[in-house]
Structures are given as C-alpha cells and as structure tokens.
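For reference, the chain that follows is the form predicted on its own, supplied as structure tokens.
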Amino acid sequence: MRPKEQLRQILIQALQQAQASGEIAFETLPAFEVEEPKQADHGDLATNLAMVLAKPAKMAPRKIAEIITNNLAAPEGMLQKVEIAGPGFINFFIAAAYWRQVIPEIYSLGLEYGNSELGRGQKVQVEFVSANPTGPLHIGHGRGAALGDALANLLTAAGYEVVREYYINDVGNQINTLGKSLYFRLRELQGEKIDFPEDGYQGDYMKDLARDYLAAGNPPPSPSPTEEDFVTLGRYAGDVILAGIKKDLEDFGVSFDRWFSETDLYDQGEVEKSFQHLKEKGFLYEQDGALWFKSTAFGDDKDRVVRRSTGVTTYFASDIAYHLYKFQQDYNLVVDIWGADHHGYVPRLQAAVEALGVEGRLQVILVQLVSLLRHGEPVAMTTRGGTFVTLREVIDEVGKDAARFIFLTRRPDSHLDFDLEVAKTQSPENPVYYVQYAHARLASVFRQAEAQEIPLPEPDPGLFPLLQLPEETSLLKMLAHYPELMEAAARNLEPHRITYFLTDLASQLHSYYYKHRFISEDAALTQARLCLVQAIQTVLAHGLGILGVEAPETM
C-alpha cells in the first residue's frame, strides 16, 4: 500500500476535474506535500496543496481547498471525513476498512512487501569502509560498514542495481612507512634495542605481524635495508592486514562485489588518462614544476596539486582517476561513505567530478565519530590496535547484530554514543533486543497456536472488521505506510529511518501484546489477530533484513 501516493493522485485528479469545469486555472502545478499530521486530531493525512497553489491560481487558499474537496473522487470506503483547517490545509480521516487492506497485501507479497521499482534501470555504486591496509578496523570503520551495507541493501530493495566496492589505498608513503614499522619490530624481536620511528605504526598488531613473519620462515631483516626492502615488507604487511580486514567484515555480515586496488589505477594508466581528460577541458596547468588542478574554478579556496615537482602524484590525483573510472562504468549515482575527518576534502572532490562532466552523480556521506561507553562512562578497552578500539573487539563483546543495529540508530552526521553494557542487556533499553524480541515473541505466539491445533490463518477480509481496537488501527497504519517509508529512505540514502520505524513498530506491538490476548476462546477474533500479527512479523523480518540483522524465532 502507498496511501500518500494514492491520495496524491486523487488530489491531482480533483484539480484536473476542477480545471476542466473552469473552477480553477493555473499553468503549472507546484510541488506539494501529503504527510501525516503531527496531531492525531488533524486526521490521518494532510496536504498543503491549496496553500502552494494560491499564488499560481490567484485565489485564496481556503477557496481552493473547497474546490478540491468538492471534486474529490476517492475509492469507495477510503475517506471517512475531510476537513479544511486553518488558512487552507486539507485534513483527511481515512476509514478503518482502508487500513485493513494491508493485511492481504502483505500476505500476498511476503518478504517482498516494502520493496519497490523506484530505481529500476539505474546503477549505483556504494563505496564504503575503504580503510587503509595499515592496521585493523576500528569502531568508526564499523559504523561506516554498517551504514554502507544497509544502504546497499536498501537501494537493492528499491530496485537499483547496486555494486558494493572497497577501495584499497595500497600506493604511496603509507606502505613504505608500514614496511619500516615491520622492519624495526623484526629487529626488536631479534633482541636489538631500537628507537622506533615516531611516524611508525605503533599498535601491538605490528608486533604480532613481526612474530608471524619470522615464524613463517621468512628471512630476517637486513642490517642495511634499502627502500625496496621497506616496500617489500610493506606489501607483505598490507596483505596480511587486508586479510584480517576481510575476515572482520565477513564476521560483521559485510561483503563486497569488488575490492579495487589503487595500484591498478597506475598499472592500467588511469591516472594519466584522467590528467589528459582534464587537460583537454582546460582544468590542469603547470606551475613551478608541479601539475595543478584548477579547483578554484568550481568554488574551492585554492587550486590543488595533482603531481608534485618531484614527479610524485598526490592522493587527490588518485581520487580523481578513481572517480573518473567509476563513472566510466555507467553508474547513475556514486555514493562515497567517509569519516567526518574528510569534511574539508569533499568540496575539492566535488569540483573534480564537476570538471569531469558528471556533476550531480556523486553523493558523499560523512560518518561522525563513535564514543565507546560502559554503563554511561567513557571506556578504553585493552586493544591490539594501539590508540583505538577495534571493530573485532566490539563484535566479540556484543555480537554482530547489536553492533550493526546500534550503529544505525542515529543519522550518520550525528555523534553516536555506544554503550557496551546496554548492547548486551536483554531489556527494552537495548534497541536491537527490543526489536528482535518482538519478532521472536510473535514466532512464539504461532508455536502456541500450533500446539493448540489452531490453524495458521489465511487472510479473510470478512474477519478484519473485528480489528477495531485503537492499537490495532495504529499498527495497521504503520504497516500501510512502510513501503513509502522504504522509498523515502532509499531516495534520501537514509537507512536509519528503517531503524526508527522498527523500534516504533516493536514498541506498539509490545504494548498491544501486554494489553490483549492474541489467542482466545473467540475463534474468529483469534484468526483476525493472528492475521494482523503475522503481517507485523513479516515487516519486522523485512526491515531487520535491510539492516543486516537477524530476525530470530527464539530468544
């Protein structure tokens, strides 16, 4: 069901009828809203159509509202009452029978209910995590991983062709520094007293790498290492770390369609191709022996170097080439999910994308930091990561589902407090437990019905008028609005809307469960309520699936 869209079409048809009869005249219909009012006594849905049409129609909003309501031709039984309020808002009170139609629709579609064809024919690439292979994933990477994976699931459910990609930054000074860090840890293991480089990777994981390197029978470090030795050690360490990253993400329920190496950009000549592309458009110039991108032409505060006078290219050059390569794959939209510390980098990349001629097809989502708490107090866990808490530690302590769900309880641009103890409690305070328990509770209801030899119901519209309680109507409305909420979440790239919805749906279900019996001596009422809660269970499972969280049968 899509009640907002259905009402929108009814309103447009009413206006077309009014235009045909000469009651109103305007050239272009402005954008208007059909939304749920904040106050329940204002109806189920409301529109500002008369308000926004006042200027183009040169007519008072209330007069327009009267014309619209007089020309409404809603399906029989849909509208219980229509009111004009205030300066011209139109409030719609939907008949209870209309909401009950959602039950057979959910039965018919099953776990496809909530999916749509919004993105049919469009390709989207979601690039996320993309942590440098210089250390294990930290808790911030975990938030980005949960967001990227849930977003990809959401877009897939909305009909888009989605490609998940991880970009491996395996070129440049960081790999050299990683190799030096391993070199000095190797020498340390051989009993030498060393001064570890200040810019080296300090985490205990480097000591583990060194021990494993020697245990595997690799040659000891040379007393007179060359730069090539550092590069070789850096590549070895990077490969081992990347394998660990892949394992952590796999255990977190995250997979990728492509792991794209920065090295391939250079091996395939993509960086030089991007330079040539920008030169032809007049956006590259040489100065002081360096090559510059004219980013000030696109609002940046200064132009940016893409190749230094030494001949070494910058990270920005790689990013330009990578994004040109992306758009050559015919993506309609590219989504990059980055940490909030990249905020200042976004304008220059958007400038480069505009220079490449693909403006408007890149969306960057910045993910804010995560503060780790225990019983509300900041905590520093004993970590193998050095100065940060690893994603692996969090998974091991609270589990995949709790971590993913909690990471998605806030907008990505909002700071997130993650309390480890809350994530482990079996109480309403723990949001993932609260929602998963709603699904498991309904599974238990159906097991009880089976034990009492009550057949699982087929949706019989003749029974649905028995669902007259305010709690039942409220739940039906939530189910009916779910497909439109899914579409809005996909359109705005906001999977956290699903988390909000599931929490609210679980809350209303638990309240309904405590007040009323689903299985009773009244056979007809029992069948009607079992139909309702089976529809609720289906929607809970669908939403949890989008978030990459299990929908358990027992807890």
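Quantities reported herein were computed from a predicted structural model and do not represent experimental measurements. Note that residue numbering follows the sequence shown and begins at 1. C-alpha atoms forming the largest set that superposes within 1.5 Å between two forms make up the rigid core.
Form predicted together with the RNA: not shown, discussed below.
Here is the short version: of D413, D257, E192, E458, the single residue with a heavy atom within 4.5 Å of the RNA in the model of the complex is D413.
Out of the listed residues Q101, N115, N332, Q174, Q174 is the one that sits within 4.5 Å of the RNA in the model of the complex by at least one heavy atom. Only one segment in the set 212-220, 115-123, 311-319, 351-359 has any non-hydrogen atom within 4.5 angstroms of the RNA in the model of the complex, and it is 311-319. Using a 4.5 angstroms limit between non-hydrogen atoms, H342 touches the RNA in the model of the complex. Interface membership of E521, defined by any non-hydrogen atom within 4.5 Å of the RNA in the model of the complex, is ruled out. Taking the partner from the other structure, the RNA in the model of the complex has a heavy atom within 4.5 Å of a heavy atom of Q448.
Proximity of K63 to the RNA in the model of the complex: non-hydrogen atoms within 4.5 Å are absent; the residue sits far from the partner. Along 133-163, a non-hydrogen atom within 4.5 Å of the RNA in the model of the complex is carried by no residue at all.
Taking the rigid core as fixed, one finds a CA shift for S371 of 2 Å or more between the shown form and the other one. With a cut-off of 2 Å and the rigid core superposed, D417 has a Cα displacement that reaches or exceeds the cut-off between the shown form and the other one.
A displacement of less than 2 angstroms separates the C-alpha positions of P136 between the shown form and the other one, with the rigid core held in common.
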